[in-house]
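Consider the single chain below, provided in structure tokens and representing the form predicted alone.
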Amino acid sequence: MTTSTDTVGTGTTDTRGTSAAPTTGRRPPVAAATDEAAVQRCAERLLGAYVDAMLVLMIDLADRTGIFTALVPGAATSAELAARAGLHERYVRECLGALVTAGVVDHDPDTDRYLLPPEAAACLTGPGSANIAPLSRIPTLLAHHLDEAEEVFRHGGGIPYERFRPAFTSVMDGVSRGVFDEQLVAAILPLADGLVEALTGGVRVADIGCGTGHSTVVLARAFPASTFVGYDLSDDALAVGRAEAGEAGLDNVRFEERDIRTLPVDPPFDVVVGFDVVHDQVDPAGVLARVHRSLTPGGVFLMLDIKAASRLEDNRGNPLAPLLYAVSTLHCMTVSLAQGGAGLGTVWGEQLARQMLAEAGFVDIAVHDVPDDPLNQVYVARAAVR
């Protein structure tokens, strides 16, 4: 495959090595005002994106199969790495070829040994929030729904949430688990004044859209005097939370399958938390209003949601914006539209989030960054005294 637009139409070699039929020798006509150098830069940018897309698949595979973990003890041949990870050497070697040529893994041609540089090890291994290898599973998963996405582009509607289950909740668990383990108690909760002290003393807490419930279990383990309920539409995901809570011997947490638009209001909760859940709701404004109604006066709503601006032009400089808009197109927006919902989307942004929180009745709204999580920010709001 050629990587230069200058050779387009001159007769190239196809992927089977046979001579492709030459064209007229000219590139398809473009507007006279087109900058040829700009066209070349655009082609290079697009080809780079396609290369990176395939690299994502190799990162996903290397993470799933334990290749990155096998590289942690030190440099090794492909055969040694295959033995460490219990894999077939030929596949390991080919995957490493992609990772080496992409600059993720180092290779010494004299010894034929592979090495994971320390900076790559920090980003791709370990149980903590710095490990971003699980993020590779998001595009891998959503790519399976492109045919369905084409249909809704043409005919409207959306792709129901059930079509993404159970894989989606599993992927999100992998993406968020490290953040919850390292940041939730130590860094996120303290952003709300007095919240840690209240949880320590004992309060009623709801975790809305909790998925596999790991966030709920982390909270219940850290604050045994408080009681916690995790709500989610996906009972198969909640089963994971129930099992984890049972293994931890926790008696202050339970899980309930429920549409959070019907969040219980009596008795009220002292605290409600929601992690990346509001923006893909059928009725996000209704959910926020229900959360406000479910809280005691002055109660705390702690919401983790996407770090972005509400206006497209303000996201032009955000390097993660293409990822956010793409995830919205292929999941967050479409699962809402599938039920005739608002289709708010992933990139609803801070400005709109603040507005909707205020319209739901919340006061003292504050926004904070999350350590080691460039995708999200924390909103802390309190229920107005009624």
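From 1 onward, residues are counted along the sequence shown. All values derive from a computational prediction rather than experimental measurement.
Only in words, not in the display: the form predicted together with a small molecule, which the text now covers.
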### Task
Although the small molecule is absent from this view, report whether residue 134 comes within 4.5 Å of it in the predicted bound form, heavy atoms only.
no
### Exercise: residue 233 in contact with the small molecule in the predicted bound form, heavy atom 4.5 Å
yes
### Message
Taking the small molecule as it sits in the predicted bound form, is residue 276 in contact with it (heavy atom to heavy atom, 4.5 Å or less)?
### Response
yes
### Message
I'd like to check something about residue 303: if you look in the predicted bound form, is any of its heavy atoms closer than or equal to 4.5 Å to a heavy atom of the small molecule?
### Response
no
### Query
Heavy atoms within 4.5 Å of the small molecule in the predicted bound form: which of the stretches 189 to 197, 256 to 264, 73 to 81, 113 to 121 has them?
256 to 264
### Task
Using heavy atoms only and a 4.5 Å cut-off, determine which of 221, 165, 242, 145 is in contact with the small molecule in the predicted bound form.
165
### Query
Among 183, 294, 281, 226, which has at least one heavy atom within 4.5 Å of the small molecule in the predicted bound form?
281
